[in-house]
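Here we start with a single chain on its own, the form predicted alone, put down as structure tokens.
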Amino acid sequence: MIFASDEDLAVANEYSANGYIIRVNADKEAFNWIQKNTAAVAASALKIDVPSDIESFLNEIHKLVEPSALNDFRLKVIQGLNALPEFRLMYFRLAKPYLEAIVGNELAMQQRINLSIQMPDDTSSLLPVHADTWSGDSPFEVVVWLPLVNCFGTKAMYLLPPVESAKFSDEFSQRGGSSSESIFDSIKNEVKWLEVKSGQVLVFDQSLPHGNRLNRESETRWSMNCRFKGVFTPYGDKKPGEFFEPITLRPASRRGMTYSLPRIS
């Protein structure tokens, strides 16, 4: 017997086969809220009015911000967004049905959402090849990756698919080398570049090697990422209350967590 719906099964099978899914945002209103508030916080940091064409503003932010000032600017934007009470709820709504199909419906969510801004030809925003599990993250986590602009070519990210990743893991001592660059050289012909459009969301397995390269496109990449996992799955080095927060505990679980047997005197 198959207990999942056809739609959930399609999502689950695709994720298992590829290590990721790309889907239209599950909640258009939530995406518009995030995109508009990002532009508003960014414009405030630059002391300018919010432009009417938000995506052009974000795509061309390198014309307004020097690379040397990028990290301070990025921190102002993400700190401003994380201070908004609705931000995490809106982010969750973007991927809710996909998370339920892949992870489950009792979820823990990263407490602070991350922001990446990668300008054209900027070497300061590179993310070398890595798997989050290599540094202590739980293999039970998934990443919800949200582009605020169209991401394609070197403006996007890459991922090593599951079959190739398993082979690489078995051969790591021979292929890993002594640096992240040598690791990338050994897998660069096997990685898959993920094209994710504005209005779509990517959910991927963070235990698979992934990263980005120098953005050689003419536009700036804006993307957010946040981790989710099942509340009752192992946490690795990032603990509940420190990094994760339960967001969808069901009544039976809450009851079970506080239940105790009657006292026998």
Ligand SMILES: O=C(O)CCC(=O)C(=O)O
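All values reported here derive from a predicted model rather than from experimental measurement. Numbering starts at 1 and runs along the sequence shown.
Unshown form predicted together with this ligand; subsequent notes refer to it.
- A residue is said to contact a partner when one of its heavy atoms sits within 4.5 Å of a partner heavy atom; His62 fails this definition for this ligand in the predicted bound form, lying far away.
- Trp33 falls outside the set of residues with a heavy atom inside 4.5 Å of this ligand in the predicted bound form.
- Though the partner is left out of this view, Asp132 does reach within 4.5 Å of this ligand in the predicted bound form, counting heavy atoms only.
- Residue contact check for Pro67: none of its heavy atoms lie within 4.5 Å of this ligand in the predicted bound form.
- Interface residue among Gln200, Asn225, Thr233, Ser44 relative to this ligand in the predicted bound form, by the heavy atom within 4.5 Å criterion: Asn225.
- Interface residue among Ala108, Leu160, Met157, Leu94, judged by heavy atoms within 4.5 Å of this ligand in the predicted bound form: Met157.
- When contacts are defined as a non-hydrogen atom within 4.5 Å, none of Thr38, Pro51 and Phe73 contacts this ligand in the predicted bound form.
- From the list 74-82, 177-185, 162-170, 142-150, the contact stretch for this ligand in the predicted bound form under a 4.5 Å heavy atom rule is 142-150.
- Along 200-223, a non-hydrogen atom within 4.5 Å of this ligand in the predicted bound form is carried by Phe204, His210, Gly211, Asn212, Arg221, Ser223, in order along the sequence.
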